[in-house]
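This document starts with two versions of one protein chain, written out as structure tokens and named structure 1 and structure 2.
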Structure 1
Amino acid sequence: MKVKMLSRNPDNYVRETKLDLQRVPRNYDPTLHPFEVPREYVRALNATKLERVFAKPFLASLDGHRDGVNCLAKHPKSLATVLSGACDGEVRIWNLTKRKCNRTIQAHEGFVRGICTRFCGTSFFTVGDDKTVKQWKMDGPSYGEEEEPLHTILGKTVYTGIDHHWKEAVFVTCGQQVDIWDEQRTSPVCSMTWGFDSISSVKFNPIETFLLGSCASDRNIVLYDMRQSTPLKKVILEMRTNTICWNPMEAFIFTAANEDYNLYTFDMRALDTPVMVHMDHVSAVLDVDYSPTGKEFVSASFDKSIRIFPVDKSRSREVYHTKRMQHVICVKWTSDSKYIMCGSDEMNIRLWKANASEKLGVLTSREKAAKDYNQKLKEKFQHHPHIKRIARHRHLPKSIYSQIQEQRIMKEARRRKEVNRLKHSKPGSVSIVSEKKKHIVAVVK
């Protein structure tokens, strides 16, 4: 007879010395790992609960301004530097790692309406209510020098916004019309306008760098071409847009922060329908900024909260609020896509984590593996009702919560009336307009 018994040599399974690692042989046969799906479900539930336990996004509050913070700007080369302009004309440069103010400049008399940095990072521009555009050095005055702008341009009308080109020595200001300036000249290279009202903000496209978009008070968003010095097309919405922001990863996508509590993501090539309507705020949306990954953006609103939206979803994934934070005027997402800074009415700039339960700093390889596994588990089981309930749960301040309930009732009433109109009229006489198209009034080329 031929016989062989299963006989293991313990030397192959037990470690030799106390200083060795333990040996863990693996066999991935599914029959040795029963209940895969329920065990992973329980792990996903635990991961979701722990995510809520560790969700502590608030990092720091930068104190110093003596009036509401009106605008923020990022330094293109240094992650730790941020510039802010306040409503009393003061510009401050902060160091985020030390959470201190490096430099204070009394830049303008009146509001600092806009601030932008040059692409090389050596200087920055500010515009204010005193009809001037000033260029300052980033470094700060050396010993014996006075704090003075490199360059001052006096204009005839109030400028309300400024943005610098991403590659060339060109910047654009907006006020009564959109002016494109060369840094060496004191008068604009060209002025463009379409419409009769003042323009509140202007932004250059970071990828197709000759394109710019502007928002005007007559409820339209106009796109311009710098090479031909003409406006390209415009889209008219139901209410005024406060700002727009271009997606840093997709050349033709931009998001507009509108007064009707929504944000609209447009594809520049087809302006008649927005790609997505983002509805979650309960008051006017004042500012929007994209993450450097191009997958998410953050919006600041007059209801005292900031929300983070994914680009392809219409609901926010996160809301940040504090009792001390009043109306949020401006918001920026840092260039390493990890932090969010917001400047608000009560003179403070707050620093938040973009992922609320993320552990900061360098992670060991085991921590990274566990984090990736938990992320994938949460994603796999996100639609199960218990897990969805826990992942979605956020505490909201009473004002926002009651506003949400009220607006839901109003929307429901409107919808019911529309459905009734549809049901009780001759088929074909009442056209069904999709939710996305409802907010667009016209597109003009």
Structure 2
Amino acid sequence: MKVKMLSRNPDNYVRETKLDLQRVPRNYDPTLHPFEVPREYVRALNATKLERVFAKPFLASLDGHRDGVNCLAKHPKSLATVLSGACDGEVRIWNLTKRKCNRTIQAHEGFVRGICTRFCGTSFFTVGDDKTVKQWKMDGPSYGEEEEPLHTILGKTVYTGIDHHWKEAVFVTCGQQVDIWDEQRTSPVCSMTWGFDSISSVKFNPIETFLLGSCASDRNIVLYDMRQSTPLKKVILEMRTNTICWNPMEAFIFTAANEDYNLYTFDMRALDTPVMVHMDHVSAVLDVDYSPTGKEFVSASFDKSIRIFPVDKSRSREVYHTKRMQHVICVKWTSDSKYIMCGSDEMNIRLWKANASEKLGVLTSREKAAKDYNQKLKEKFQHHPHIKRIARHRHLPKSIYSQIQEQRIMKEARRRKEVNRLKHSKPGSVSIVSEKKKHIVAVVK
């Protein structure tokens, strides 16, 4: 009589220690798993629902200012240090980890119009309504010393913005004209102007560091070359641009925040057509800042909300608002790409998560694996109508919601009018203008 013996190797199924996971034998033959796709769809649906359940982006509110927060600046070396300037001339230096104010300086009389840090992080510059540019030490005064600026430059006109070069001891201010300064001198190295209106914002390019971009109140965005000390070219839009921000990963790309509720991403080599028009705000866009990855940017608006846009999409992926937050004047994306700060005119600085449902703190390896798996599932089924609807849905304040509906009706009416005009005109007499080219008046070189 034959006896068949079953022999199994214990190494294949016995755990080495109690802490190890149980080994589960799996056969990946697709014929044995006929319901794999429906099962994955249910998991993707649950992951999407849980993401919306855990979407709690608001982290902290830094209060202490006695007037609206007008400008923010990041420390180039320290993730936890943030500088803010208020409308009463006060500058505060904050520690984000402790969520406390380290230092308070009465820097100017009237508004603090701009604030920027030196590339090494040892000092920072402020400009205000009192026509001065001041340089301050980043570290506080030692015991017994008074709070005094390192240097003070008295100008002839009010300065409305300031930015520091990314590698050299050079900074730029704007007001009636764009002035480039050497840190060791009390008069500008060179002054550039094109047009007669006041310039509201100026920014150095982080990659091609000799390039500058500025926006003026006569609806211009002007590009300058520091080496030639001349303006390169300008683009004139239909409405005024409040500020611009350069993409930190692509040298020629910048985004402009406009009064007509839109943001425009331009390639400086072809200014006649924007690369993308970003539409979602229902009031003037006041500030914009890029993520360090260059893939997304955050915008602050007069409609009391901030929105996160992917660079290549015309619609925002996220909108943040609170009942107490009023008109948002300035916004910054932190250097580790995880958090967003915004300053509004009810005297608070708010800290948000860049990814609303992200879990903070250290993740275990199993949590990381589950997170990556869920992310892949959501990407796989992202175009399914039910999942797409849940992922896209955002609750909006009634004021913003009603304005969106109103603007939708107005846009539809304009589109109908264009179609009717085209229909009842002689062929070729009415040209079709694309949405991207509608808002560009001219490009001057």
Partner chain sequence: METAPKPGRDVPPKKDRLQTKKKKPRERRNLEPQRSVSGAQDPFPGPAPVPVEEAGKFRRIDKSKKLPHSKSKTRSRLEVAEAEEEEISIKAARSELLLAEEPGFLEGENGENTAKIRQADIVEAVDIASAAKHFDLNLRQFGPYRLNYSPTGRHLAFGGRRGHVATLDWVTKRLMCEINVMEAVRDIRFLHSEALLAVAQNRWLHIYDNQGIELHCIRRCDRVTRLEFLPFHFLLATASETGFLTYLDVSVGKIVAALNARAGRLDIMTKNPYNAVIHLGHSNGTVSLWSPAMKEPLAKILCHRGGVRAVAVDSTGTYMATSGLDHQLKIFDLRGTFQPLSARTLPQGAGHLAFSQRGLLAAGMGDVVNIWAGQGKASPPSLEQPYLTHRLSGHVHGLHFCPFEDVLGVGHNGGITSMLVPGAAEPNFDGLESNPYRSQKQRQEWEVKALLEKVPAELICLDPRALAEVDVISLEQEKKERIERLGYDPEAKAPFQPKPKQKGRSSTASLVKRKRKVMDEEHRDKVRQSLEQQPQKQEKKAKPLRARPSALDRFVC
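Here, residue number means position along structure 1's sequence, counting from 1. Remember, predicted model here, so these are calculated numbers, not experimental data. Take the two forms, superpose them, and find the largest set of C-alpha atoms that agree within 1.5 Å; that set is the rigid core.
- Between the two isolated copies of the chain, the form predicted together with the partner chain corresponds to structure 1.
- The two forms, fitted on the rigid core, differ between the two structures by less than 2 Å at the CA of residue 421.
- Relative to the superposed rigid core, the position of the CA of residue 15 differs between the two structures by 2 Å or more.
- Relative to the superposed rigid core, residue 393 undergoes a CA displacement smaller than 2 Å between the two structures.
- We note a C-alpha movement of 8.6 Å at residue 6 between the two structures, with the rigid core held in register.
- Here the two forms are laid over each other by their core, and the C-alpha of residue 27 is off by 2.4 Å between the two structures.
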